[in-house]
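Quick setup: one chain, the form predicted alone, written in structure tokens, and binding and motion questions come after.
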């Protein structure tokens, strides 16, 4: 499986640890930057990873900034992306099972590399359950298309 990863300076150290971990686990990693701790803007890297996932260059993506918040908001602006910010194993499991998240977001100043590795393992080892959750994911797609009608 190809996994695109990206981070700003706040997530750089976590990205480097995750990149090594994924490679050792046998995943093909596409590192879309940043490549140092020099200050950069998180939207650039959230966007790069989101586009790689949305266009099929990578099957999944992992993004990191200081908290994971800004980079996940940025990635979610790309049509077809469902980036989930996670801080614990339950959130990572539900991101896969209930939200069919194709990008995982984490905060380099919020979690340790060891926790990040555990979250990724949980996320990658769970599958989307479909059913009632598919209906909800479909509604997210309708929002992207501007076609979800307001309900009274």
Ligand code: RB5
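Since this is a predicted model, take the numbers as computed values, not measurements. Residue numbers count along the first chain shown, from 1.
Omitted from view is the form predicted together with the named molecule, to which the following refers.
Q: Any idea which of 89 to 97, 46 to 54, 59 to 67, 120 to 128 reaches within 4.5 Å of the named molecule in the predicted bound form, heavy atoms considered?
A: One stretch meets the cut-off, namely 59 to 67.
Q: Decide whether residue 9 counts as a contact residue for the named molecule in the predicted bound form under a heavy atom distance cut-off of 4.5 Å.
A: Judged by the heavy-atom cut-off of 4.5 Å, residue 9 is in contact with the named molecule in the predicted bound form.
Q: Counting only non-hydrogen atoms and a 4.5 Å cut-off, give the residues of 109 to 142 close to the named molecule in the predicted bound form.
A: The stretch touches the partner through 109 alone.
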